[in-house]
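Let's start with one chain on its own, the form predicted on its own, as structure tokens.
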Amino acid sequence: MTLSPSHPLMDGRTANSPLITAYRGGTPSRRPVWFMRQAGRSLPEYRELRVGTTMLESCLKPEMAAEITLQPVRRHDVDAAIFFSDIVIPLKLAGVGVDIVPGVGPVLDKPIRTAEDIANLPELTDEALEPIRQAVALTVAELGSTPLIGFAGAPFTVAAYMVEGKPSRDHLGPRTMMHAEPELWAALMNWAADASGKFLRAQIEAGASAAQLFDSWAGSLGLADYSEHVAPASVRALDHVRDLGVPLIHFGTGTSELLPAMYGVGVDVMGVDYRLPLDEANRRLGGTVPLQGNIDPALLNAPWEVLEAHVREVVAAGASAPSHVVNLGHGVPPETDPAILTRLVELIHSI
């Protein structure tokens, strides 16, 4: 299977963009930058648009999801849009009872903990993904030569929410299950992998030029647990989209010790969080992998000269890698002044 001739990577719109060039290890025409969680949260136009709608509603209304995805590109001149969605959207579309509770995060009607719970999980159908395809198509039609990055939660992070039933600090439930009931754990991970993989595929086929797998909670795992109980499901999720040939990025938080294993699931680019300097990440990955990251989000509220010095350090450390896409080492904090992000993009493009 290949992308349609009208896909932005195939018809010439995004194939030579700074972002895609850097993701493929080439030398871009300018230093590409985008921010995780750039869509919304810190933008007044986002908050205005969201009045009276829940988070899940805003993700599933194609016109609204497209508009939110486009807002930061218009405002900040970033080199990519990241599709506005949430990692539990595939659960919601499959028919799993889940809501995003303000100030809490994703909460399931009922945690998934038994063989019966897993056997009763509904399958995510192709038809259910239609709102996602519509939102991506609307977004891509407006973006022109700016690539859209598709996104999905990695199976471990999705499964962790499913077992705990809500956000958790230490993820004891899933970590217990993977050892106490390994067959149950594998079945749940396979379900999550297929849901995330189908979610990614819908976005890419509809026009996304790259795709990122977010493993928000993988940092709670040691290397042995990750390699044995988690990596195979991430491979399975990405197997849904490999034939499409778009650059694949993998990112997790607190995952400095897991970088080579996370790269080993079969991606093109590694995202690095703020805890590990990019030159050290490059060393751990053998000097052959394009990197993405890793400005410390905490410094967005520091004095400008402090932030500028830090960004220049990040860019210098990233220069050791085959190519580098500048990003944050996690998401944009909600209280960030949008003007700082715009100024930051100008600085990065000027270096």
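Note that residue numbering follows the sequence shown and begins at 1. Since we're looking at a predicted model, the values are computed, not measured.
The form predicted together with ligand CP3 is left out here; the points below concern that form.
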*in the model of the complex, does residue 36 have a heavy atom within 4.5 Å of ligand CP3?*
yes
*Any chance residue 28 has a heavy atom within 4.5 Å of ligand CP3 in the model of the complex?*
no
*asked:* At 4.5 Å between heavy atoms, is residue 235 in contact with ligand CP3 in the model of the complex?
replied: no
*Given that the partner is absent here, does residue 174 sit within 4.5 Å of ligand CP3 in the model of the complex, heavy atoms only?*
no
*Which of 244, 187, 100, 128 has a heavy atom within 4.5 Å of ligand CP3 in the model of the complex?*
100
*Answer with one of 322, 40, 297, 62: the residue that has a non-hydrogen atom within 4.5 Å of ligand CP3 in the model of the complex.*
40
_Whether 13, 139 and 248 all lie within 4.5 angstroms of ligand CP3 in the model of the complex by heavy atom_ = no
*Pick from 189-197, 225-233, 84-92, 270-278: which stretch has a heavy atom within 4.5 Å of ligand CP3 in the model of the complex?*
84-92
*Between 115-152 and ligand CP3 in the model of the complex, list the residues on our side with a heavy atom within 4.5 Å.*
151
